[in-house]
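Take a look at this single chain, the form predicted alone, given in structure tokens.
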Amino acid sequence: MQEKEVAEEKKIGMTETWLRKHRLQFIGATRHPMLKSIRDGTINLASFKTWLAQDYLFVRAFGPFVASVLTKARKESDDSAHDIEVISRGMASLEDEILWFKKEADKWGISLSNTVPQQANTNYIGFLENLRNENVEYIVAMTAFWAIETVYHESFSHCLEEGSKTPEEVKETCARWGNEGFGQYCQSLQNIVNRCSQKASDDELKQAELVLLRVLELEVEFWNMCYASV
């Protein structure tokens, strides 16, 4: 019976199965009160500034993690040429992303050089560092990569939907991750995870699912950190 269930999960897409199974956790990460405050126009800009500075530090740690996923793709992927092309797009955008954070920090009067990671950020960065270990399977690291990017797309696209009252000064931020092009990129990452899951062992799938859940937990903690900063 269990084998039949696994086969059915792989048929509809393992990521879709996980998202259905853990829908409440996914909603918690993508519809956090801070995001709702952005969408309804009540965001305290001090919270936004905290997010901006802390996310800059996170992105700097995210780069080496993505590089490690790229290395795993070269060694372990059953379609390495395709996967490398997709992951490389993410790598290429990170340099521009860091420059964007610096520009935004200047606009908001934030000193990034004096910013230190808060505990929730330190935990998240440590999680990324652990995933860089060569013993971590490709599908596990890839699941984390897809989940992190997807949470941001789902979160910020929600703030741009019809009827939203997102303040003009934060709309550019929302558009950066909430746009359709970024959504298509997230779909490309999701397709890789679904493909890899077809040949993954039960243990690898369990580890990947646990990593997804941990990403969702860490995202909520990150939003909490920023939202409680005022």
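Source: prediction; values computed, not measured. Quick note: we count residues from 1 along the sequence shown, nothing fancier.
Another form, the form predicted together with a small molecule, is not on view; read the next lines as being about it.
- Note on the partner interface in the predicted complex: the residue among 175, 45, 27, 59 having a heavy atom within 4.5 angstroms of the small molecule is 59.
- A heavy atom within 4.5 Å of the small molecule in the predicted complex is found for one listed residue only; from 140, 148, 159, 73, this is 148.
- You can rule out all but one of 148-156, 129-137, 80-88, 111-119: in the predicted complex, only 148-156 has residues with a heavy atom within 4.5 Å of the small molecule.
- Interface membership of residue 55, defined by any non-hydrogen atom within 4.5 Å of the small molecule in the predicted complex, is confirmed.
- Proximity of residue 104 to the small molecule in the predicted complex: non-hydrogen atoms within 4.5 Å are absent; the residue sits far from the partner.
- Using a 4.5 Å heavy atom cutoff, 97, 124 and 219 all lie near the small molecule in the predicted complex.
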